[in-house]
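One chain comes next, on its own, written out as structure tokens in the form predicted on its own.
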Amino acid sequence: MLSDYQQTLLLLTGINVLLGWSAYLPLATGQLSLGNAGFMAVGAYAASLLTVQPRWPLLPALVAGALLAGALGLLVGFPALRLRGIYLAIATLGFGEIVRTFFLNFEPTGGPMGMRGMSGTTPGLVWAWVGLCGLGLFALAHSRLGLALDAVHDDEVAAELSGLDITALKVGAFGAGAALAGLGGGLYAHYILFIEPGTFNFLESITMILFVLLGGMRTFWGTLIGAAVFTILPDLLRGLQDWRGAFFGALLVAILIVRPWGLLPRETLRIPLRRLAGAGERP
């Protein structure tokens, strides 16, 4: 039986995995988005409004929040196609600040005073979503669509010349990532039971990117590992007290120096698969 503390850590890890995958999907097509905290805020406030006022059950409220964030992600994804690299990052950062400012002045959700009254969630529900989304990403990674995303990431021009619809792939990845951020936001709001606009600042978006970088950019398994390490490791370092932050930062730098492609790069997964395939071919 897990203690309350262990259940909380498990729940936060699950939410962070979803948020990490929300950053992983745009990055899978070479898009660096720093606006995921904005999509997280949309999902959190939408799901909270639906459960607090019309008293919707939690599950449909979470789905509605994720769909709203995903639809907004599609709208943002089209103009974002014109931008690359740091320019795209700055533009999405601006979007996140627009969303934060909107909720700061939107009285129905409490404005700067924030919003409360939501019901709680459970680690089981959070990890059920993680399992469902993980299955979807596993299927995506082993499909032609997954290969198309890889092609767009590696060389857009070559991918377009081979007949791939670059616009649909990039906007779709952007929208799917936004929907995952909205889902994570809804679960977070119903765990913390209080949200306010300052929670969804650009540091939250940067943290989601770090989950991907730490775990490995080219596989969703890496993001799962990165989010888990990023959530659990600071807690394991509590004994260091005031030096915990410095030691954690130094440890992250050391990890990225030793493993610049992340803790679990795609090549690491391919080696055992090749060995299995080779063993299967032996007489």
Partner chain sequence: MLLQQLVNGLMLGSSYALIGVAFTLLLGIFDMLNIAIGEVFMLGAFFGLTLVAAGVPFLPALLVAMVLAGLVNLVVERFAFRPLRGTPPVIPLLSSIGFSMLLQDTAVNIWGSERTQFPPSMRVVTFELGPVLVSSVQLAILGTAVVLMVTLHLLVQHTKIGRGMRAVAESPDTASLLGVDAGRVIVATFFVSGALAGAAGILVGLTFSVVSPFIGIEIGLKGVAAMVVGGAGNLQGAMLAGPLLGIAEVLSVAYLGAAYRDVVVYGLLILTLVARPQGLLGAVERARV
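Quantities reported herein were computed from a predicted structural model and do not represent experimental measurements. Numbering follows the first chain given and starts at 1.
Here the subject shifts to the form predicted in complex with its partner chain, a form of this protein not shown in this document.
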- Looking in the predicted complex, is its partner chain within 4.5 angstroms of a heavy atom from every one of Leu34, Leu83 and Leu203? yes
- Name the stretch: of 170-178, 89-97, 142-150, 114-122, exactly one has residues whose heavy atoms fall within 4.5 Å of its partner chain in the predicted complex. 89-97
- Quick one: of Pro54, Pro57, Gly245, Gly239, which gets a non-hydrogen atom within 4.5 angstroms of its partner chain in the predicted complex? Gly245
- Message: I need to confirm a contact call. Of Cys133, Ala159, Leu213, Leu72, which residue comes within 4.5 Å of its partner chain in the predicted complex, counting heavy atoms only?
- Response: Leu213
- Message: With the partner left out here, check for me: in the predicted complex, does some heavy atom of Leu256 sit within 4.5 Å of its partner chain?
- Response: yes
- Report yes if any heavy atom of Leu252 sits within 4.5 Å of a heavy atom of its partner chain in the predicted complex; otherwise report no. yes
- Item | 4.5 Å heavy atom contact, Met217 and its partner chain in the predicted complex | yes
- Could you tell me if Pro79 has a non-hydrogen atom within 4.5 Å of its partner chain in the predicted complex? yes
